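The data below hold one chain only, encoded as structure tokens and taken in the form predicted on its own.
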């Protein structure tokens, strides 16, 4: 049996405890660049990135309760002070609670591809959600994407490609936790590589 997951108060943010835009300096107890991961899973990216970049404040958004609890427990046990995690629906949280031009990078690694055509409207990376994502970014702030799903990747390319006045291509920077042969270093990627799947990446930044 695994150990009991602890919801560390120093890591977990409660959406019901605030309203309106967050004061990110207050949330982290210090100023500094903020990076957000949408869909944190069990916290693999957050753990490695926060250890490698202690000067950066990382915020993870995860809706699935079991993954959220696992990530909060994991970060808390490591004693990392530059990570906060919230259980929330990502687009609503970004629209209502993240101040404009406050985020240096949005990380979106292996989002649910919703493969059935009738479910494509649930995908995160689609035209109707892009204003919300772009609004959060600082000038030259980045969005870094990774997926194993070719159809979704092609939609991502088309979606960001249609926003040339606001976004420009940039280099995809491999996260600190990515091992040999990996591009994103997440649990999902490792599973997919074992299955022989191709991984696709894309990065854009907000024009200054």
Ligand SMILES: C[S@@+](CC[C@H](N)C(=O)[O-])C[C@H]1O[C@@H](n2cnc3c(N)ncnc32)[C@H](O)[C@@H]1O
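Residue numbers count along the first chain shown, from 1. Treat the numbers as computed from the prediction; the structure is a model and nothing was measured.
Just so you know, the form predicted in complex with the named molecule exists too; it's not on screen, but the next bit is about it.
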| property | result |
| --- | --- |
| Exercise: residue 96 in contact with the named molecule in the predicted bound form, heavy atom 4.5 Å | no |
| Interface membership of residue 103, the named molecule in the predicted bound form, 4.5 Å heavy atom rule | no |
| Close approach of residue 138 to the named molecule in the predicted bound form, 4.5 Å, heavy atom | no |
| Contact label in the predicted bound form: residue 142 to the named molecule, heavy atom within 4.5 Å | no |
| In the predicted bound form, segment of 58-66, 24-32, 174-182, 149-157 with a heavy atom within 4.5 Å of the named molecule | 58-66 |
| Stretch 6-36 - residues with a heavy atom within 4.5 Å of the named molecule in the predicted bound form | none |
